[in-house]
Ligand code: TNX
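Just the one chain here, the form predicted on its own, laid out as structure tokens.
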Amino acid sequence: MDNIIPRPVLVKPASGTFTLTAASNIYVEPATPELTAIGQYLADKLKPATGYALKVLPATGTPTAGAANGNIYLTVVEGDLSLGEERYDLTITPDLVKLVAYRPVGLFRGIQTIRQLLPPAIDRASVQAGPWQMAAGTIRDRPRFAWRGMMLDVARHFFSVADVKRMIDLIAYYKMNIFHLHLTDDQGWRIMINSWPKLATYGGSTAVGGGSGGYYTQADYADIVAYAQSRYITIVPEIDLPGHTHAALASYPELNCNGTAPALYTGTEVGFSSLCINKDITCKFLDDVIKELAAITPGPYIHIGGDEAHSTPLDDYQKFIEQVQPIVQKHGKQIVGWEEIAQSRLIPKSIAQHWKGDRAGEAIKQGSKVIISTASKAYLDMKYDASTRLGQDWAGLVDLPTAYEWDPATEVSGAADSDVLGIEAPLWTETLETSRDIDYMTFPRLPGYAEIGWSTQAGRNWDEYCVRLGAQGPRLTALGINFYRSPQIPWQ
């Protein structure tokens, strides 16, 4: 119980162990389709390594009435939600694993703890020897922040639906709940917009370095969204505007002020592109894109970028942000933007994402909440050290202690805890081309970001955490992750 990441609020060990066997079952109460699906998710995760075809059954009465004797009991009950919907209580005895939550999402988060309490080999894809034991004890747990996310840039280099789903599974393992997809940039437009199809078919045809690109059909995107929903993760799609729009400008000449489409771009410099703010077609373009994206995004958020619009005059930039916010709102979504949007008047409930500078404080003064993604601490594409073959270093080197030893609540001057929605770790992919590249830059930093978002600040310290992270090494290996074996960690 000492090696769980994120660190739970309360861990109270007891004597004895629980042993999962081929005769074990998973009982759910109430036996709704949603809870049965959660039980089946757990059964599916346990089957490859154990070889056990665990049954998911409805429970009747108390756990001792049919669900004890070596079984797992999952239940959702009425309770105090003031501590959040993701709260769960886990009790393990030699006879029973009992997981109690107050909403199904809490049950799902608690299942990730059960997985980590079993031996690391439980995450292997083929049958292992076992035994499959868990230490007895009690865990009480809930998250600190509501927003605990990762961002994947699929615009600089494109990644398949399978690659995205794999990352969704990995962030779910560490109890994250937001997956931000950076869908458009100068180098590629990665989502089909039926009313502007060349955005994807032409604007998405290449990538950084001139390699082949790609895009998601709306069916692909819906598949990703549904997969994330089944893991209680919200997809936040980003259409980066009004800068970072070269792929769109190359696809439709009418979006350019001079009416001429530039050639596709495969470099890495930023800040040179801009929509033509004062053309009527720009407003139609925005409405069409956001309307289609909102229709296939069940989550409450659409991210409109807003960063590094160096080629957009400030007056035009402010006009643009004030123009795009009501469009997003009209289509039933809440706006998220990089902190530069605070240079404009923000409508109520707009969210600013801090990455560099002090504009997030201006957003807070306007009544906005903020997400913390400080580049020098939370950017997953920053090199670990000077010798790291991938990534960049413009924001500094981000080794494991740098990534872990900070508090999101103190990153923005003047911010109160209540102003901070949470943390997000962005991964920009200028230098990343494969899933193994994503692994290498994401792990082992991602578990630390998950813990920063979930666990209380008072209970965190590097010396204790690095030991727990070292114990995760066999789990990362079992999950097939190509992780960076930092010499700062005592890997097991």
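All residue numbers are counted from 1 along the displayed sequence. Model, not experiment: these values are computed from the prediction.
There is also a form predicted together with this ligand; it is not shown, and the following applies to it.
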Scan Ala294, Ile364, Val225, Val270 and let me know which has any heavy atom within 4.5 Å of this ligand in the model of the complex. Val270
Which residue, Tyr173, Phe285, Tyr384, Tyr379, is the contact with this ligand in the model of the complex, using a 4.5 Å heavy atom cutoff? Tyr379
Stretch in contact, per heavy atom within 4.5 angstroms of this ligand in the model of the complex, of 209-217, 386-394, 399-407, 122-130: 386-394
Suppose contact means a heavy atom within 4.5 Å; in the model of the complex, does that hold for all of Arg148, Tyr232 and Tyr449 with this ligand? no
Does this ligand get within 4.5 angstroms of any non-hydrogen atom of Phe320 in the model of the complex? no
Contact label in the model of the complex: Glu430 to this ligand, heavy atom within 4.5 Å: yes
Any chance Tyr221 has a heavy atom within 4.5 Å of this ligand in the model of the complex? no
According to a 4.5 angstroms non-hydrogen atom cut-off, is His244 in contact with this ligand in the model of the complex? yes
Need the contact residues for 293-322: heavy atom within 4.5 Å of this ligand in the model of the complex, sequence order, or none if there are none. Asp307, Glu308
